[in-house]
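One chain follows as structure tokens, the form predicted alone.
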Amino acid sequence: MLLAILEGMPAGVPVRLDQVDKKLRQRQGGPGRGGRQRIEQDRAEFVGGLRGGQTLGSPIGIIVRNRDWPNWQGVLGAGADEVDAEKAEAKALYRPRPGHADLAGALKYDRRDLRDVLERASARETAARVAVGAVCLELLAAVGVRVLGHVVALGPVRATPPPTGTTFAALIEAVEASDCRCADTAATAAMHEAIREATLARDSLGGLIEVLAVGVPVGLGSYASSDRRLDGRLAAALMSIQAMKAVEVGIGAEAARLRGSAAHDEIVVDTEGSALAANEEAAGSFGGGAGRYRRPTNRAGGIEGGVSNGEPVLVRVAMKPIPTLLKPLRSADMRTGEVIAAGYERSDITSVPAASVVAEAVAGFVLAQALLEKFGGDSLGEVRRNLAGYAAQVAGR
């Protein structure tokens, strides 16, 4: 069972429980998933902080139960009388998987059975983060900020970016129509083929996930303190997801290969007050509340100097292939030191589409946290009033 406690959420935020469960289902979906997804059917049980579909301002308690637990009784358990030594030894693991926390964790915590490491290092815990993130996304939506995590590459397949002028609503619709959570239908078909080939080869695939947030007001984060930089906080949150190996903001590493004149976003002034606003629903050019100032491009990914600049916040995170392989790599038996094939636990060929839902959730948490730091209040009404006053101030500059 997973228990998540979310503190600091203002009162009066409408929370659609079906949307929270929808995000949990999306986290379990996608082609290339393993047997566990046929066992688990996650749903969120709210045990505090909510009444009648609205937050109360008190801590929010969410439970996500583990339907696989009966299969592990006698093997895992907190009390000495909850573990059957014979059953536990039958399930014990001594062959660490390259690329997993198994070996480093066992050495760090001086554990004999690798199961003590892998069960906690497992991405199963992200179900709780998705549930919490779903609540944060409800707060963001209530003040006009929308967030989407989607797949832009899986294995060797890279999606074509959506056409210029694609609305955010249309992008969401295209992503959710794809079981790979990819807006490019041709790429989705190619991803299926790549997964099929990897399955036949008894291998696994990684990919690239993009998180896009539109309607983010200028001024979230800070340049004054390193630990409050919005880009740094988003990067840390995304890298905290299991199997993630790299994060980029905007054009990311490409900026290192360009001259400054081609790497930065020019600033233009919307003197008529409507020319660019008419296109604010476009996923690539949403005006996020920077007054009359706009950027014809968004190479910075909506963040400059650690502060949101009013353009869409765009970050990408690279996920490595899952390290649990049907055709294991070489490892060592930790009891004998013998070179032997790594251990195998039921696993996925890929979980990149599911990970995009997790990335969306953790980014939503960071953005909600930064939003409340800037416009905090005890109720949604107070947050909205604070945001409206700030928007009027910015509009007058």
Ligand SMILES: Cc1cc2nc3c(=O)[nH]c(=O)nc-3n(C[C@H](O)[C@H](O)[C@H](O)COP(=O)(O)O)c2cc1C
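Numbers follow the displayed sequence, beginning with 1. On a predicted model such as this, the values are computed, not experimentally measured, just so you know.
Just so it is clear, the following notes concern the form predicted in complex with the named molecule, a form of the same protein that is not shown.
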{"item": "Non-hydrogen atom within 4.5 angstroms of the named molecule in the model of the complex for each of Gly99, Ala123 and Ala354", "value": "yes"}
{"item": "In the model of the complex, the one of His264, Arg111, Arg229, Lys320 near the named molecule [non-hydrogen atom within 4.5 angstroms]", "value": "Lys320"}
{"item": "Sole residue of Leu93, Ala189, Ile241, Val83 within 4.5 Å of the named molecule in the model of the complex, by heavy atom", "value": "Ile241"}
{"item": "is_contact(Ser178, the named molecule) in the model of the complex, heavy atom dist at most 4.5 Å", "value": "no"}
{"item": "Contact label in the model of the complex: Asn309 to the named molecule, heavy atom within 4.5 Å", "value": "no"}
{"item": "In the model of the complex, Lys245 touching the named molecule (heavy atom, 4.5 Å)", "value": "yes"}
{"item": "Close approach of Ser347 to the named molecule in the model of the complex, 4.5 Å, heavy atom", "value": "yes"}
{"item": "One stretch from 354-362, 54-62, 368-376, 330-338 that, in the model of the complex, holds residues within 4.5 Å of the named molecule by heavy atom", "value": "354-362"}
